[in-house]
Structures are given as C-alpha cells and as structure tokens.
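Okay, here we've got a single chain as structure tokens, the form predicted on its own, with questions on binding and movement later.
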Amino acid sequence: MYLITLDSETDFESWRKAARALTLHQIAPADVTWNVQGRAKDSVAAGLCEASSFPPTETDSTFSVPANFIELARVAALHRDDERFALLYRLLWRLRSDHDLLEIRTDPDVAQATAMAGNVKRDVQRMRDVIRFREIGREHKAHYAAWFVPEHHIVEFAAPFFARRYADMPWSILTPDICAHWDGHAISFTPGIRQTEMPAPNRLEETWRRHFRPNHLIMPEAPKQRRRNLSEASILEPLLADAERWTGGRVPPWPEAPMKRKSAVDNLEALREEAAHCRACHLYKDATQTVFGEGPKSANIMLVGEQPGDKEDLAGHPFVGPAGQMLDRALEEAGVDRKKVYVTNAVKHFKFVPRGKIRLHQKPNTPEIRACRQWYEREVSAIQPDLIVAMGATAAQSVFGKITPIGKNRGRLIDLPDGRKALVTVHPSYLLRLPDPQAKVLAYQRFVEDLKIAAGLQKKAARAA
C-alpha cells in the first residue's frame, strides 16, 4: 500500500504528478491512499508506504488522457469530499484502457466526478453573486472587504475573477478556509478565520483588526434567505441554480399557503430575492449584483432612475453615490420626505465599459430596458404608488413603455393607463455633468420645482390619511 500526502486541499499539480507516476508503475487505485497535509483521517493508518519517490520504470512507456479529463479533474479536485483524489485517480487508471470512458455519463465514477465539478462551479458562481464589498474610509485610505463561507475549496480559484473586476480597489475576502487579498498589483492569501470567530455584521471590523490590518469593514447586509450560515442554504442554492437553467433564468416565487396573503413587504422581499438571480439579459455577467429598489411598502411616490452606478453596484443599494446625494438634497429642498419614498431603477444591473481601472457608465439600450421592465412592473404592483416620477429618458421609456422625450413632457402630471399619475423630469446625474456653473444652478432649480409637484401630492395624501 502507498500513501500519497499532498501539501494542501487544492494541491492539484502534486496530485497530477503523483497520479502519473503511480499509473506508470502499474500501482492500482486499491493500493493507494490519498491524504492532505494536516488533515486528520482515520484511514491513514500506520504501516503505509509513503510514496515520495518510485524506482525508475523499466520501460519508456507513456500514456495520454482526453483533455476534458484534465479540465474535469482540476475543478472536481476543489470539492470538499475527502475521497475526491482517490476517485480521480480511479478514473485516470480506467482511462488508460477506455479512452472514451467520460462519454458514458451513467458510469458511477464519471457521474460522481461530473457532479462534483458541477457543485464546485455553482459554488464559484454563488461566490460571485453573493460577495458584497463595502467601501470604508475615503480616498487613499479606502478599503473594501467581505465575508463569505464557501461550500468547497474555491477561494484561490475564484480570487483572480475579483482581481480582474475590481482591479482599481484594494479588497479582502475573509472565509473560514483561506483569506484572499488584493492590493492593486497582486493577490495574496492568509489563513482563514476559524468558525468560532465567524464575524457577525457588528463584529467584522473587530475581526479584521485582530487578524489583518486596521482598516474598517462593514459586513454586507443581505436578506435572510441569502445568508450562507443557514444549514439549508448549501442545499437550496445549488437547486435554485439548476432550476434557473431549466426555467430559462427565472425561478417563480414559492407558492403561497392556502388562505394566506402576503403583505407588500413580503412580496418585495420575494421580488428582491428573485431578481438577485435574474438572467433576462447579459448585464448580470459583468455587474457585481442586482440593485433592487428600496423604500417603505406604504410609499405613495415611486422614484425611477436609469440604472445603478459604480457606487450602487458595489453597495447593492440604489442612489448612494454622487447622484443620490444630489437627489437627497433636491428632495429636501422640494419638501419631499425621502423616508416615505420608494426609489428604484429601470435597469437593475450596472452597465459599463472598463477603461483601465475605471468603470465608465454606459446607457442601457432598448432590449435591456425591456428585459428589466418586468421588475419595475412588479414593484409597482407591490407598492401601489399614486405617483411615479421618471427621472431621465431611460426611466421614462420604462414607465411609459416607449421612448418619451423629457423636454416637452416634464413638469406636469401625466395619466397612466392604470389610473396612476406620472411625472417626468431629468436624472440628477444630468445635473452633475453640466460644465457651466450657471446652467447647473438653473437646471437644479428646475429639478427642484419638478419635485415640488411630487411634494404637493405627498402632503395631500398625508392630510387625507
């Protein structure tokens, strides 16, 4: 019997080298035990021969395997199953005599390895979907960080994706297995955080300070349905991923119990969770996350913008960047209670063009607006607002279902087919782009005047209540 000890759970190259040597020396899978350095394993018993080296082969024999086996093995090796290396060696051994083995999907070894690789890929995609970086600090002192609990050993494999996407910001991803860090130039790894030290939202900064550098962090907030620490999450999320593919990218909400109606806030939470998996257009591939609307369920005014910007894409909340600050100031001057308004965007994913380390905003096109309109319509159905304020051409196109000019339609209430009122105005980012200071002041004043129409309706509703 031979014992092969790999350096780490992700040491695929050492496995590949050892597996090739074992095969060339005609050592059957049943005579090999695979272990990982530091892993406590009962089956690693005394008396096994540590196969650190082999005598020279008596022949110059060699063999080849299909390229898709290497691809399959490299991914499946990241699975958390302790027997994965033994399974992969068994497959390699069999492929010598049956080069087409991987085509037999019903073969137990092939099916198990394929399932493992599928689970790993889903976990990688979940990591891309769930990771929420939060910016703490300003300018050169800013840092981004997030907490994630992987199902499998995927952190090193997935880290380059985040380095490419967020090349212009220093970030850290903390996990129980291993922690990944990007300083703008290279990826580095440090030991993981023990499960007993798993930080709650209000303890993440303390954990960071204790283990890493003294930068401030905020744990991303997520709906309870998305929290990885629930035991059901590891089961449900892969099933949801499969269901999305089977249903064309959209999983219908869970059916209601008989004789029980959900409240508007429940419907909004269900919509937000469903939208997080939206694949109706290609924008989800490059965006960090779906940025859904926010506000009280009783809001009688809904503000609709164009799409999330760079700051919103990272934070996961609408209108938190410079345009959002401009909007908050204008709402206050107009007399609109911001806390009683529901704010959303016509398009829920950030569309941009990378320019070096900067992501430049790109205007959504008509197919992308149409693909996302279902979420706007369902938000309206859940909130039931009296007035919808379309800020900008993209928002107006979504609200009216067609291209609607801003100039000749702004500043007045327009009747919608469902009996609601609509108000068209400019997007606050338009005000930020104006180069002439005098023109910017006049445009801002007109923007406030438009919002005063919404303020009048809000006050009227408050008096009626």
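Everything numeric in this text was worked out from a predicted model, so none of it was measured. One rule holds for the numbers: they count along the sequence shown, beginning at 1.
In what follows, reference is made to the form predicted together with a small molecule, a form of this protein that is not presented.
Exercise: G309 in contact with the small molecule in the predicted complex, heavy atom 4.5 Å: Contact with the small molecule, yes.
The small molecule contact in the predicted complex: A323, any heavy atom under 4.5 Å: Residue-level check for A323: yes, a contact with the small molecule.
is_contact(F85, the small molecule) in the predicted complex, heavy atom dist at most 4.5 Å: Close contact is absent here: in the predicted complex, F85 is far from the small molecule, nothing within 4.5 Å, heavy atoms only.
4.5 Å heavy atom contact, W147 and the small molecule in the predicted complex: W147: no, not in contact with the small molecule in the predicted complex.
Heavy atom contact within 4.5 Å of the small molecule in the predicted complex, the stretch among 300 to 308, 76 to 84, 161 to 169, 365 to 373: Residues of 300 to 308 come within 4.5 Å of the partner.
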